[in-house]
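The form predicted on its own is given below as one chain in structure tokens.
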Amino acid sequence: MRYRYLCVLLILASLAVRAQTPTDAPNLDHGKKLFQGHCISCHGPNGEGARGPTLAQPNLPRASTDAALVRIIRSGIQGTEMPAHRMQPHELTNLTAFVRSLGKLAPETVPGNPARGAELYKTKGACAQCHTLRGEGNLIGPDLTEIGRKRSAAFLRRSITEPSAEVPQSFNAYRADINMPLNFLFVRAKARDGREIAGVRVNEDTFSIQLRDLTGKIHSFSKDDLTELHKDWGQSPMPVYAAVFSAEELTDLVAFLSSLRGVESR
């Protein structure tokens, strides 16, 4: 009797281990269905990037290993729109394998003239007033040095013509340890001495807040010294460029931004 009981325990333990660490080959078709159900609204139908970053690349900055990618899918990324997903082990395996397969797709073909787009970036667009590129420019908006590796051409075009449509929606109150693209918040503050400051939140805790105004100057306030504090979630100070650029110029500017992939784009 005791022997039979021991055998049952061993069988159950074996099944539990097998359920936690499946040995079957990944099912890419199943992984694709999971991706379509959970991921395309943020990452695009083919992982090309939308509100979420591009997944169709050989090396994912936040997930250099399958184990890291599984952790992100399971736990999400705090302070961003990436949620946690409750999935069975075999579902995580299949989804991870499918995401990895996206890195084997041919790179997106983007029309336009990047050289002309680079000139528009510097002149007509005056983009460096708000954005940093390879260490040059302002820090009001996101750093664009690697934007072509992180976002699709369609996303970039929409960000230029409808800026507020693509502002990251992070609703965590205090995140000083992540960069602005993950936690962008435009703030309007009025101090007791009459000063009115509008700008991008740089840092915030329970008692104070620091803002960078549209000239790049940093302002620090104790919240006790403020009479008003408005947080404009989902709003962007970026101008709407739809009427600024011609259709051809917009195509060239998007081509330039899509070419920005960090050191390799120099």
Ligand code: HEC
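Fair warning: this is a prediction, and the values are worked out from it, not measured in the lab. Numbers for residues come from their place in the sequence shown, where the first is 1.
Note that the form predicted together with the ligand isn't included here; everything after this is about it.
Are all three residues M87, C127 and I140 in contact with the ligand in the model of the complex, where contact means a non-hydrogen atom within 4.5 Å?
Yes, all three are in contact.
Contact between F221 and the ligand in the model of the complex at 4.5 Å, heavy atoms?
No, F221 sits far enough from the ligand in the model of the complex that none of its heavy atoms falls within 4.5 Å.
So in the model of the complex, is the ligand close enough to I72 to count as touching (4.5 Å, heavy atoms)?
Result yes; I72 sits at the interface with the ligand in the model of the complex.
With the partner left out of view, is P239 within 4.5 angstroms of the ligand in the model of the complex by any non-hydrogen atom?
P239 belongs to the contact set for the ligand.
Against the ligand in the model of the complex, would H43 count as a contact residue? Criterion: heavy atoms within 4.5 Å.
Within the cut-off, so yes.
For a quick check, can you give me the residues of 48-67 that have a heavy atom within 4.5 Å of the ligand in the model of the complex?
Residues within 4.5 Å: R51, G52, P53, L55, L60, P61, R62, A63.
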